[in-house]
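One chain follows as structure tokens, the form predicted alone.
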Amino acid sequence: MYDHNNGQVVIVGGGIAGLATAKLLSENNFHFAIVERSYKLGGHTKDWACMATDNCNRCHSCAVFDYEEFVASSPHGEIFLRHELFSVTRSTSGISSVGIRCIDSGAERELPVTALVLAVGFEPFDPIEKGFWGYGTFEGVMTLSDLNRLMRLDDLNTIRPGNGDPLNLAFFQCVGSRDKTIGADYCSQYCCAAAIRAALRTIHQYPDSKVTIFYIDLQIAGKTAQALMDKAQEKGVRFLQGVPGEIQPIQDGGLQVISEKDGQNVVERFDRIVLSIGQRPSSSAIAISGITEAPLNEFGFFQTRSQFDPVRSPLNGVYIAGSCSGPANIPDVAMNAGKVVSAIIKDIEQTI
């Protein structure tokens, strides 16, 4: 165990990656400082609704509250909300200090650094960017984030048909992912399981609902994956491979979807279309890369040394945590935090 006076680890970003990293650092008696631009901790995960039905569906969104409670009460940490990184001072072995600035007042201060962890997360893809599927134009088209917000507010009734008919809902997967034309030729990791959990919660609340998931290639891994798929199929969720070609609004307020099956165009009517949007690099990645000189990869996420060393930046003393190095789901982010802290401890041991 290390004495906490050995040095301070500065974590840029207070989402679940930053919180999980801070918790593990505290458990190893390291001082940490979290620098977060927002007025709150937790990032996107804190805004995500619980997807439990009769029992837990292992969405892991509740984990962020446990991390936050631990970190906020840790005697080893400081939290700087509404602050941003603006400078880095280097030493022969890595980073010696960083400058942070209060966004509201402009007040600046310097923090000593033993290690610098970048944990700035991701941005959800905005379908308006290319006018995908009429988002922002057709009233019945929403994103998975929009649907999640209604679930969090317990307001799903607003998307049901006004005539009392069962809700007929469709999910379109890989919106803003697996798309070379927008520089996002990668899988966003979380979308398939998130759509299935949202479908299950919708059916749990309104058992007469009909749900269809249009997918390119289902990417659901882990020991709970098969159970999740089995439950969805048991509840009548329909899985159709292929991306629909067109959406058209129709007079009754619904949406007509044209897809292809066995070489023929198939037309179906849905009440709502949910776009399962992918993860894009954080809006702050370019600025932080410029300040720290930590390089970005071809997609705009932070580059790590290699696939065999996925938490160290090419720069000594700089580590990359969570989805700012590439799309990830919540369990993967938590596991990644453990690797970050292990790498920091190992590197410090080698310098002592």
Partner chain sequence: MNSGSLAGSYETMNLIKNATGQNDVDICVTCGQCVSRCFLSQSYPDINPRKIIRKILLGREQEVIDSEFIWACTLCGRCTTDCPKNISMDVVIRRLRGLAWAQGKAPSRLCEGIEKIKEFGNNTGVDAEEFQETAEWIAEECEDELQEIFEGASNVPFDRKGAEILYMPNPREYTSNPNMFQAYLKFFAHVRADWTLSSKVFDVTNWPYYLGDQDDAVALVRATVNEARNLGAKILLTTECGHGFKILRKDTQAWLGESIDFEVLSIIELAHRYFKEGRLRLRQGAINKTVTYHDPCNVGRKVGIFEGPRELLKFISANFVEMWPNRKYSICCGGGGSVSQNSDMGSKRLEHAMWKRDQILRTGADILTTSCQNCLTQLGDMQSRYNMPVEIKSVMELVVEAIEPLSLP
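Since we're looking at a predicted model, the values are computed, not measured. Residue numbers count along the first chain shown, from 1.
Beyond the structure shown, there is the form predicted in complex with the partner chain, which is absent from this document and is the topic of what follows.
Using a 4.5 angstroms heavy atom cutoff to the partner chain in the model of the complex, none of Asp146, Pro161 and Asp271 count as contacting. Note on contacts: among Asp185, Asp165, Glu110, Glu139, the single residue with a heavy atom within 4.5 Å of the partner chain in the model of the complex is Asp185. Shown without its partner, this chain lists Lys130, Arg82, Lys235, Lys210 as candidates; in the model of the complex, only Lys130 has a non-hydrogen atom within 4.5 angstroms of the partner chain. Interface membership of Asp179, defined by any non-hydrogen atom within 4.5 Å of the partner chain in the model of the complex, is confirmed.
For the chain shown alone, Gly254 is not a contact residue for the partner chain in the model of the complex, no non-hydrogen atom being within 4.5 angstroms. When the partner chain is considered in the model of the complex, Gly245 lines it closely, a heavy atom lying within 4.5 Å.
Contact between Gln241 and the partner chain in the model of the complex is found at the 4.5 Å heavy atom cutoff.
With the partner omitted here, the stretch from 115-123, 101-109, 88-96, 256-264 that lies within 4.5 Å of the partner chain by heavy atoms in the model of the complex is 256-264.
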